[in-house]
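Next up: a single chain in structure tokens, the form predicted on its own.
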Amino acid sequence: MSKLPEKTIGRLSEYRRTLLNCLANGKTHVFSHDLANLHNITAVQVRRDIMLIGYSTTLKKGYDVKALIDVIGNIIDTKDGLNAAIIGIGNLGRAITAYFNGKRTRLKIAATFDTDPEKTNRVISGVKCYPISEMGRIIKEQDISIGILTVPPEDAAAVTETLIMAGIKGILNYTSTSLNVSPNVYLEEYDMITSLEKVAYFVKEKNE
């Protein structure tokens, strides 16, 4: 299979989350237009995404929910799983850790890091928090390949450099600082202020 577009991977993750909810509620099959309505996209887009991963159905009752979950999992997940670490265990870091752990069997938050001595060497939200000075060693020891940044914006660049030197291959940046990384590191940046301002703009447009 050729490399899938970034937006397709994002939608596949969203589809899987919805399909898992369907399965938990006892639903065994789902139509493309059902998924489309739940994700505010077109049924054509859903079918195109699912065709890209080589899945199809001839059943008139739609896609087999469990089978589609498995196919998406084979595309997104790694065989042996991946470990992630959160750097900055403030309110946002705690919330992400508590929410995410246990949601996926092949992707887990294995460690967190902080500079606050009142947080380090403790288990917070089910995960041990280490001093940020030990980040390089722990990342190597626990085979961590993904870093999630929830540090103050002024610390983001320095922390990123340390992560890359430790062998991190992917970074999810929740800070407002734009980062520069080498081509062999995948970077995803999420700026909550920009997202909120985007929503506010479209609310304003509707009101006007």
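Residue indices: 1-based, along the sequence shown. Just so we're clear, the structure is a prediction, and the values are computed from it rather than from any experiment.
Absent from the display: the form predicted together with a further copy of the same chain. The rest refers to it.
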**OP:** Name the residue from 138, 132, 96, 110 that puts a heavy atom within 4.5 Å of a further copy of the same chain in the model of the complex.
**Re:** 96
**OP:** Name the single residue among 176, 28, 42, 57 that comes within 4.5 Å of a further copy of the same chain in the model of the complex, judging by heavy atoms.
**Re:** 176
**OP:** Indicate whether residue 23 is a 4.5 Å heavy atom neighbour of a further copy of the same chain in the model of the complex.
**Re:** no
**OP:** Could you confirm whether residue 121 comes within 4.5 Å of a further copy of the same chain in the model of the complex, counting heavy atoms only?
**Re:** no
**OP:** Look up in the model of the complex whether residue 169 has a non-hydrogen atom within 4.5 angstroms of a further copy of the same chain, and give yes or no.
**Re:** yes
Original post:
Does at least one non-hydrogen atom of residue 145 fall within 4.5 angstroms of a further copy of the same chain in the model of the complex?
Top reply: yes
**OP:** Could you list the residues in 162-199 that come within 4.5 Å of a further copy of the same chain in the model of the complex, counting only heavy atoms and keeping sequence order?
**Re:** 169, 170, 171, 172, 174, 175, 176, 177, 178, 180, 183, 184, 185, 186, 188, 189, 190, 191, 192, 193, 194, 195, 196, 197, 198, 199
